[in-house]
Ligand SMILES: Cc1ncc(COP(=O)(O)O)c(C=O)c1O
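Have a look below at one chain only, the form predicted on its own, in structure tokens format.
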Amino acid sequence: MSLKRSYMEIELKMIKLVKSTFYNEIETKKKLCDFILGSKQLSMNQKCLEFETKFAKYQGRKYAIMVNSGSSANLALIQSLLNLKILNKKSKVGFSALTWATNIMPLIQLGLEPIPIDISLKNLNVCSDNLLEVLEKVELDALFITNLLGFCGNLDKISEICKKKGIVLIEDNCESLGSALNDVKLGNFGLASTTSFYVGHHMSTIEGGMVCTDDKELYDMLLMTRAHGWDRNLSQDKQKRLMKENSVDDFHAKYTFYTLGYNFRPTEITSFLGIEQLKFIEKITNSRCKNFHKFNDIANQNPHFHKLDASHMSFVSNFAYPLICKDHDKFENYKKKFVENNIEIRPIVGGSIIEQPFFKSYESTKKINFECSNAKKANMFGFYFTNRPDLTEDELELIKNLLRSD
């Protein structure tokens, strides 16, 4: 099928990164209307607990704590590790140099020392070689790794290095829901992981996020950090213990703040949406995986792109497909081709974060001098396009043709 024919068949409609708010949108909105009309309480309640339980089961973790966004999940997790004294204000925390801004902002906001780690152009993620290179220069207390765009590096090896050296491993899994390495879902390699349910992510609750862990102490702390630092969502035994330890009476207990916290509570509306969208998660991730392999088989034959290698992964729930061109001219050429064919594109996530103004502006980052040349190259010569699960055959065909070499 020619580009011209494909282009005509989609009637010049934009192939957008995000087409709808929800998967199965019309039915979801109808159910949402009925739920709101029939609900007596829309602030956080039993639907939140139900969604957390079901999501934890899907992810394969013991505990899941829902919050109002993926960014809040990152901040709540770092604050909870500080509250538990697992980390402290002097802790050095490694992070993936190619990531989203709110993966790094909590480290700066909470006074930790962020240490950038470069990525591999083979999978756009931190690999063990990247980590070991940094560890030759600085001792890390924690590693906040990003599983970018549904991919990962050799997380199994990274996890082994972290365990051996006493480095706390946590994962930003916001773009990799469902992806797996050695049949272990990404987000399950460290102490905890975060997920986003923002519109356009693997499943949408409009806004929303989750922290998952197997650690009961961290789970309890996250429940308090999510809601002002009080104990209302803890078990009765834990509440009584805190009251006794802090000499709090029954009258004041519900308004006692035991630790540093925020108001990151979700609503019953977002939780209801999460339960509904979770019903389609296998269909969504399978479609993304199937599309990824179609794109990747063609793109890897094009000598103008750096080859993506996800052969080490057992399942690739690709968030969006990235193209990293080998030089500026090819980057401009392919960018122009996609735009002219009405396909929405954007830079690779937040680009090289150490080049971002917010990162450069804080004193705590100015003494950092780590070369992240691959992250910079992905930022300068890369873009991504949609891998929505509802792409039509005509849309897929058009994109595949654009991926072929001139």
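Keep in mind the model is a prediction, meaning the values are calculated, not measured. One rule holds for the numbers: they count along the sequence shown, beginning at 1.
Unshown form predicted in complex with this ligand; subsequent notes refer to it.
Partner proximity in the model of the complex, defined as non-hydrogen atoms within 4.5 angstroms of this ligand, places exactly one of 128 to 136, 242 to 250, 192 to 200, 285 to 293 at the interface: 192 to 200.
Contact annotation for residue 172: at least one heavy atom lies within 4.5 Å of this ligand in the model of the complex. The shortest heavy atom separation between residue 208 and this ligand in the model of the complex is within 4.5 Å. Residue contact check for residue 264: none of its heavy atoms lie within 4.5 Å of this ligand in the model of the complex. Contact annotation: residue 80 falls outside 4.5 Å of this ligand in the model of the complex, judged by heavy atom distances. Among the residues 96, 318, 74, 225, the one placing a heavy atom within 4.5 Å of this ligand in the model of the complex is 74.
102 is the sole member of 188, 277, 123, 102 with a non-hydrogen atom within 4.5 Å of this ligand in the model of the complex. Shown here without this ligand, the chain has 69, 70, 71 in 43 to 71 lying with a heavy atom within 4.5 Å of that partner in the model of the complex.
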